[in-house]
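Single chain ahead, written as structure tokens, the form predicted on its own.
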Amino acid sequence: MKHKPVLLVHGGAWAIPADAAAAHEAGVRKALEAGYAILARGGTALDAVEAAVTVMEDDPTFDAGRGSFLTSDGRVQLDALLMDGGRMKAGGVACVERLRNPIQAARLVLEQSPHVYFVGAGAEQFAEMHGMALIDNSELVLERERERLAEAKAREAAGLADATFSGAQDDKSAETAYTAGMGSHDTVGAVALDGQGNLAAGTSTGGTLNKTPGRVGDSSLIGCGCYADDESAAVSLTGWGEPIMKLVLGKWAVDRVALGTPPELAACEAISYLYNRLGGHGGIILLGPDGRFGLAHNTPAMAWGIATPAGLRTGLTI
């Protein structure tokens, strides 16, 4: 049975400033064009997701790949996960500093290793052994991000630190930080359905601004920031990673679809659950095996886009 291919992507959920809106939509559109070109010629969902995420990793607009937020010691550490819902195979990398495209390293883990997850220097060595070039971490660092880190440290010293990790559901300083743009979460992701009916999902991130070196968020963890199963759905999340991890929210959402909840409703339910249970903020894209999809966020905006045989559509809000 032939299926109509679908590609759904996100470029982060946060208080996207007006002067950054055009860059976010343009970046999402380029990712859609690259990924859907593969689906349109009969390619796999896995290839389409990898291609779409690679485009966003190369775009300094987003918190993935080049231009990512800096750790507290001024470096870039990247995480990514790719999952094939047909073969139920996954590959993930975390805390890598010398890879330009961690989603491609995740693909190598998926295809070339009996393991699922590599971190740090071991992940870099595995990627290099399978043909990826290692780069200097400075190639991933932008002056814009050095300035952001300096501002974050100044706020911290003044007792005005980003309250993202406070854990307080009604923390007004956290809400203010989001509105001011300090709660930026430009994590990128994609989910796809190909003509053969296979689902795939991928997520890539540079993590949170001023994070402690070695911190891993939800994006690269199976069932948290990413998941795919042809018998349920494919999902990618963005936002405040700690609450998403605690709820294993990606798996929570796809399980709802498997039980009969339409993806458009399951997406909204997932974000409501995230906030009502733990006060979390973020966004989600969710795609079922029949091509139905859902997306939701509880942040001021989320960059997203969808490509189907009917054409491409992008937006910043729902």
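A residue's number is simply how far along the shown sequence it sits, counting from 1. The shown structure was predicted, so the numbers you read here are calculated from the model rather than taken from an experiment.
Another form, the form predicted in complex with aspartic acid (ASP), is not on view; read the next lines as being about it.
Participant: Is the gap between Asp186 and aspartic acid (ASP) in the model of the complex 4.5 Å or less for some heavy atom pair?
Facilitator: Yes - in the model of the complex, heavy atoms of Asp186 and aspartic acid (ASP) come within 4.5 Å of each other.
Participant: Can you tell me whether Thr208 touches aspartic acid (ASP)? I mean in the model of the complex, with a 4.5 angstroms heavy atom cut-off.
Facilitator: Within the cut-off, so yes.
Participant: How about Glu57 - does it come within 4.5 Å of aspartic acid (ASP) in the model of the complex, if we only consider non-hydrogen atoms?
Facilitator: Although aspartic acid (ASP) is absent here, Glu57 would stay clear of it in the model of the complex, with no heavy atoms inside 4.5 Å.
Participant: Would you check, heavy atoms only and a 4.5 Å threshold, whether Arg100 touches aspartic acid (ASP) in the model of the complex?
Facilitator: Although aspartic acid (ASP) is absent here, Arg100 would stay clear of it in the model of the complex, with no heavy atoms inside 4.5 Å.
Participant: Partner absent here, but in the model of the complex, which of 141-149, 100-108, 208-216, 122-130 has residues with a heavy atom within 4.5 Å of aspartic acid (ASP)?
Facilitator: Answer to the contact question: 208-216.
Participant: With aspartic acid (ASP) taken in the model of the complex, which residues across 57-77 come within 4.5 angstroms through any non-hydrogen atom?
Facilitator: Heavy-atom contacts within 4.5 Å come from Asp63 alone.
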